[in-house]
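A single chain, nothing else alongside it, follows as structure tokens in the form predicted on its own.
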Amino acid sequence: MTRYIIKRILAMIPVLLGISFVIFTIMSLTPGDPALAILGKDATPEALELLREDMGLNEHFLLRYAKYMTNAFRGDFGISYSTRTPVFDEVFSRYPNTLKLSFFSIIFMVVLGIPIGIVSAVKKYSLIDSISMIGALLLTSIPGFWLGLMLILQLSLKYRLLPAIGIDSWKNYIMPCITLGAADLAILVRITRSNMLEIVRQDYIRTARAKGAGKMRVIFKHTLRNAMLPIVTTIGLCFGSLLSGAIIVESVFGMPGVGTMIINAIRAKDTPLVMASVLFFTIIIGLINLIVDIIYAIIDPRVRSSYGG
């Protein structure tokens, strides 16, 4: 198992290189001049050229990419073009807010999604099942930004129950978490229901019932446990989508997270800030996938034996 974990961590290096190269290339080809954004339209051509030379913008983008990645592997992610402060400080001052939003959204999704999926499977074709499936279909179809705006209109402006912007208290996270986790909640409900129904048809479930196992024991020990692998996979994949979806949600609710920082950095063509943010996103998603694989081994001993553990 340890050898497998080391291999997975090492396999992240080419992924990071590939993603970083694509992002750096896109940022280099997009129109805009960071020097002009920093000095303003009133800057003289001499001042602009001097700043470009100082920032290394006159070098070929492949050379700039090689220098950036060399420094990044040493822990130096450069200086932000916009704020002229270390990128590392900029990113890590906002990352906790984005991770907290994604984590709370995962909790919201799991706490509601798995129980609703279980009940839908147990009460197949009942009124509860129909309502759950219709609700899941609606949540999947609703755009996140529209749902967020509707929540602000109703819960903040009309009834004044929750704050619309900021991160001053736990109440500020309620609407963003609902907005961010709604679509993935619907996916989790459907995945849980379909896998529960598939497992329930297996021979060992009929055997457990024939031996006199109680209904709750059959549902939670035999059925749910064997249906957990695809559910865990879905949760891991959803965490990655939540991190990317946080960009829109943070903009809607005015949250000072990495999402809003990336949008502002792209507008200013702040390549070091964009690169560092994307690389950290990639690392976190890779670690989440590794954790999912480890949970696989905990849930299913057959997976653990295939790792050599």
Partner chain sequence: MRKKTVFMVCFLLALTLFTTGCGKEKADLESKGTETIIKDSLVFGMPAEVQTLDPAKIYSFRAWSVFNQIYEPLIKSCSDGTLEPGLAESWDISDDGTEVVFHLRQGVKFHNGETMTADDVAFSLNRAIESPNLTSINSAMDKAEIIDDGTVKLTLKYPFSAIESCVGHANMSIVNKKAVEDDPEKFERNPVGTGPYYLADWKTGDKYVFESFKDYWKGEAEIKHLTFKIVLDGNTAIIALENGEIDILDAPPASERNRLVNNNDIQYHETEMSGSFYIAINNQRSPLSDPKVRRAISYGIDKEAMMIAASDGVGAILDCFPAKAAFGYPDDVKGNPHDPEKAKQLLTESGYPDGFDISIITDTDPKYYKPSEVLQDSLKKIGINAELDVVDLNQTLIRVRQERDFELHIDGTSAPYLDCNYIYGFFHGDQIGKGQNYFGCDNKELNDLLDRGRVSQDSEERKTIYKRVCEIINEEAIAIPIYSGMQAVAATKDLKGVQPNPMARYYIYDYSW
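Positions refer to the first chain, counted from 1. None of these values were measured; they are calculated from a predicted model.
Omitted from view is the form predicted together with the partner chain, to which the following refers.
Want to guess which of 83 to 91, 68 to 76, 98 to 106, 111 to 119 is within 4.5 Å of the partner chain in the predicted bound form, heavy atoms only? Result for this chain: 83 to 91.
Do Tyr159 and the partner chain share at least one heavy atom pair within 4.5 Å in the predicted bound form? Tyr159: contacts the partner chain in the predicted bound form.
Touches the partner chain in the predicted bound form: Ala47 (any heavy atom, 4.5 Å): So Ala47 counts as contacting the partner chain.
Against the partner chain in the predicted bound form, would Gly236 count as a contact residue? Criterion: heavy atoms within 4.5 Å. Answer no; every heavy atom of Gly236 is more than 4.5 Å from the partner chain in the predicted bound form.
Using the partner position in the predicted bound form, report whether Asp33 sits within 4.5 Å of the partner chain, counting heavy atoms only. Answer yes; at least one heavy atom of Asp33 falls within 4.5 Å of the partner chain in the predicted bound form.
Quick one: of Ala186, Cys177, Leu151, Ile231, which gets a non-hydrogen atom within 4.5 angstroms of the partner chain in the predicted bound form? Flagged contact: Leu151.
Residues in 165 to 185 close to the partner chain in the predicted bound form, defined by a heavy atom within 4.5 Å, in order: Stretch hits, in order: Ile165, Gly166, Ile167, Asp168.
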